[in-house]
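Let's start with one chain on its own, the form predicted alone, as structure tokens.
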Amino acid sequence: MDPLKALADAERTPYWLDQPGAPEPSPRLTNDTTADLAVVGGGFSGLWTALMAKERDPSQDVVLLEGKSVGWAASGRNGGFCAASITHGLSNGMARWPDELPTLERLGRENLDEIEASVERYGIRCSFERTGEMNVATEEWQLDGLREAERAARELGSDQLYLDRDQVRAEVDSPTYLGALWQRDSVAMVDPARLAWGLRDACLRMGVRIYENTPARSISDEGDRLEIATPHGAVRARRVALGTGVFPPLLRRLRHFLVPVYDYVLMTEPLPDDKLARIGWRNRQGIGDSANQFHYYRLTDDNRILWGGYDAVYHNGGLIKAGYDQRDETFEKLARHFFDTFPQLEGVRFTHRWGGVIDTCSRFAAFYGTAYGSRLAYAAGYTGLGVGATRFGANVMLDLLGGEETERTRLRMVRTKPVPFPPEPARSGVIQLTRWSIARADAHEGRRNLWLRTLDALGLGFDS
């Protein structure tokens, strides 16, 4: 089908945030106030931090500041893949923290279990489905990697099943599929906006004070408290947790480790039963392909297909602009790839197209730290896998702020930082050369050129 025709009526807004039921924003902060804990950022990272702080100690006064509305940024624009991995996948964890990997995998599974329990406990209606995810091979060279991942997962006790060509096409029928690895117990599908709205409601019920449309402008040390300045008031807090992702941080040091990358997504119209039957998908798994430039896709409650990924766009200079949320070149490319994957869905139209910025660091997985004499903690750099991992990061921040030595804070993953990115303009040159090299590797049976091999050796990379 002509991708332009399929896209002709697509709204330029995130599907998840375009649903009915969004809560009315909380009032903005209009005066000075104090708190035991101030949380900056109303995405998953900040919401989990505020909620679990109250769970740990219901008596403490917790304030959450959000510059716009809760869940409006990456937390409401992603694909809704809630993964157990806190290392951005098994292979990334094996490459960076092999000695800790059994512990990291266990903690990740426990974190996903606890997310599921919290969704149930607080009555959050976010369409939580623990269906798992299939990583599919669409080129012969990708099959060996799936086999290696299956062996490693089996040694770690993870429930992963290798499927050959016929078996995977019996699950979901695409002529492009050559095999797959089905992670059956480690990924859930969620409606991310409704998860964010549900966490917001849980926070309010627990007594968290939320101020929306209240951007944090600066932070200063006022002796016994840290002061966060906003346009119309300030919060003086004993402790501060930063969950701002890639947006300009209150700590300048974080700018060395984070770059903004734009990701793009399409959503189809609901598929009637006869059309969905053409591809199967009875078990409703999330799906991602195994290329370096990969697609991710899944079903919604009403059997729409969310289709995203492939392009990961960095704008030279690291600029963040609302206009970058739309990129017709990428939308048309994604639409072509959709019909290449599912030619039997000829005639299906897209109802929504959108993009958004994510926080990327050189090790792909989040990093953590403190400042102001450990009175401030931060977690950032989730690189697209933050729906689940932000809850783990929130627990790390609370451990660090509490001065506790825990199993989490003893991890080398928590105690170390990623390799920093070089300053501009070298940063832009490095990233664009890396993006070109990644695309070239996909076109040459996964063979990595000298540039990518050098970055691998240095622990500096760029993920699609």
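From a predicted model like this one, the values you see are computed outputs, not experimental measurements. Numbers for residues come from their place in the sequence shown, where the first is 1.
Heads up, the form predicted in complex with a small molecule isn't pictured, but that's what we're talking about next.
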item	value
Among the candidates Asn78, Gln285, Ser186, Ser362, the residue which, in the predicted bound form, approaches the small molecule to within 4.5 Å (heavy atoms)	Asn78
Interface residue in the predicted bound form among Thr244, Thr330, Asn111, Thr87, criterion: non-hydrogen atom within 4.5 angstroms of the small molecule	Thr244
Candidate site Asn135, Val172 and Phe392: all three near the small molecule in the predicted bound form by heavy atom within 4.5 Å	no
Heavy atom contact within 4.5 Å of the small molecule in the predicted bound form, the stretch among 62-70, 399-407, 432-440, 416-424	62-70
4.5 angstroms heavy atom contact with the small molecule in the predicted bound form for Leu271	no
4.5 Å heavy atom contact, Val40 and the small molecule in the predicted bound form	yes
Proximity of Tyr378 to the small molecule in the predicted bound form, heavy atoms at 4.5 Å	no
Contact label in the predicted bound form: Phe128 to the small molecule, heavy atom within 4.5 Å	no
